[in-house]
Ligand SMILES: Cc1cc2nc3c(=O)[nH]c(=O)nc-3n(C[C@H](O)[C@H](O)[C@H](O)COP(=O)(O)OP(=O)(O)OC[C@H]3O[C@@H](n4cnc5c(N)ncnc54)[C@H](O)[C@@H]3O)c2cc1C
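Consider the single chain below, provided in C-alpha cells and representing the form predicted on its own.
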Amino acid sequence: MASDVLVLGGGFAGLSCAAALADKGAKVLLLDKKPHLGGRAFSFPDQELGAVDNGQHLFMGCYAATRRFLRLIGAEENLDVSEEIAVDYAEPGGRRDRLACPAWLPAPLHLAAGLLGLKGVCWRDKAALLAFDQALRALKTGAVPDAVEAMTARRWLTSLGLSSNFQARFFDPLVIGALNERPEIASAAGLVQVLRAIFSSREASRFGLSRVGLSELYVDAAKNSIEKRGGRIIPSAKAAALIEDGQCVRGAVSDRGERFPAQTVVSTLPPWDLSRLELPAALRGPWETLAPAPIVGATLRLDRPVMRERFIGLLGAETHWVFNKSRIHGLSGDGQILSVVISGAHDQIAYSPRAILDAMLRDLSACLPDFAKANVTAWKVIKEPFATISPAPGAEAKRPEPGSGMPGFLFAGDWTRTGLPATIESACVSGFAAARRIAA
C-alpha cells in the first residue's frame, strides 16, 4: 500500500519532517540507509567513554525550529540552554580572554558590550565595530547581496576595517564554529546569516548543549513519536532510484529492489548521496556540485579535571574547541571527559587517528595549564569527511529551496537554501518547510 509521504534520510531534517507530518495525520514511511537513525548527528555507546557523539554540536537560542521539533517529540528537556551569554577563550601560554554579554543590556547592545570587553583587542581595533555595525544593519533583512556572497568572510571583514587580531579573537571562531569552514574559504553570506540570527535578541544569543548523547537527545523520541502516530521507519534501506509516473515522482526503489510507493517523496539526503540516485532530469542541477567540508573530533577520558567551563575556544591553535562533557552530561567521578573539535578539517581528515590525537594534545597542553598534569586513559577519534557542505562563495546560489523540486518530490536537508548555514537548525527549518508544503 502506498504511503502518503516517503521520507529519505533519518537525521534532523528527515525526522522533523516525518514527525510534523505524522502529527497532522499523514501516513509516513521513513527510510534510512544506516542501521541506526541520526544521519550526520548521532552518538554511540563506548564502554570507557560513555556516549560518544560523532561530532560535538553547540545549539543556540535562535534555533527556534530545532526547539520546536524537540517540543513536538517531547525531548526539549534534554537541551540545556544557558542563561549566561559568555564564551571563554584560551591560547598558547595559558593566556585567557572572555566574551561576556551583560544581562542588563538589550540586544544587540549586549553583544556589542561583550565585544568591547575583550581584553586581547585594543581600543583602536574596537573602533572598527562602528563600520561593522552599519554594514550589518544594511544587511539586516532580505537576500544577502551577490557582491557580499561572492566575498569570503575574511575579505568582507577586512573590508570593514576589522584588524586581523580582532578577527582572530572573535570572528574566526564564529565562522569556523558556525560554518564549519575557514574564513579564507567561507562566503561572507553565511557569516551574515549567522550574525543576523545571534544579534536579533538576547534569547537568540544564548548557548545550548545537549545534556545527553546526540542520539538520546532526539532519535528515540522522534522514532516513538512517529510510530505512535501510525508512521513507519525502516533502517538499512538505501534508496537507489525514484519511481516515476509520467511527470510525477511516486515513490522510491531500494538498492535491493524493494519498491516503496508514495504520493510524495521528501529527500533529506545530502547532495553527494542524492546525486547517486537514478533521478529525473528535472531534478538534476547545480546542487550536485556542492562540495563537502569535514570535521574531526576526539573524545578523551582524563584521570583528573583540567577545566571548569562548559566549553572553551582555543585561539592560535590547530584545534578549535574543547567541551567539558563531564559537566555538560552531569557525570561524577575524579576524572574528566572532554570532547575536542577541529572544524573545516580539510588537512586533518587525511591524518591518522593517532596524528589527530597528537595535534589535539599539543594544543590542549599549550592552552590549558592543567592539561600537562593529566593522563589520557581512553580516547576515540571520529572523522566526518562529509560533515556539511562547504559554504564557499557561489554555494548559496546552488542550494535548492526547501520544499522545491517537481510534482511528487521535494528537496529538504540542512544543505538546502533555508537562509541559514548548513546547521542542525537549517535541517529542522527545511524539514518543517517541506511538511508545510505537503500539508498545503
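Remember, predicted model here, so these are calculated numbers, not experimental data. Start at 1 with the first residue shown and count on from there.
The same protein also has a form predicted in complex with the named molecule, omitted here; what follows describes it.
J.: If the criterion is a non-hydrogen atom within 4.5 angstroms, does every one of L6, A20 and K228 touch the named molecule in the model of the complex?
T.: Result no, not one residue of the spot touches the named molecule.
J.: Of these, 307-315, 238-246, 364-372, 280-288, which stretch puts a heavy atom within 4.5 angstroms of the named molecule in the model of the complex?
T.: Partner-contacting stretch among the options: 238-246.
J.: Please pick, from K27, K33, R67, K380, the one residue with any non-hydrogen atom lying within 4.5 angstroms of the named molecule in the model of the complex.
T.: When the named molecule is considered in the model of the complex, the option within 4.5 Å is K33.
J.: Given that the named molecule is not shown alongside this chain, does E384 nevertheless sit within 4.5 Å of it in the model of the complex, heavy atom to heavy atom?
T.: Within the cut-off, so yes.
J.: Determine whether any heavy atom of S43 comes within 4.5 Å of a heavy atom of the named molecule in the model of the complex, and answer yes or no.
T.: Residue-level check for S43: no, no contact with the named molecule.
J.: Can you work out whether D273 and the named molecule are in contact in the model of the complex, taking contact to mean some heavy atom pair no more than 4.5 Å apart?
T.: Yes, contact at 4.5 Å.
J.: Would I295 count as touching the named molecule in the model of the complex under a 4.5 Å heavy atom rule?
T.: Output for I295 is yes: heavy atoms within 4.5 Å of the named molecule.
J.: Could you pull out the residues of 55-69 that have any heavy atom within 4.5 Å of the named molecule in the model of the complex?
T.: Read in sequence order, the residues that approach the named molecule (within 4.5 Å, in the model of the complex) are G55, Q56, H57, L58, Y63.
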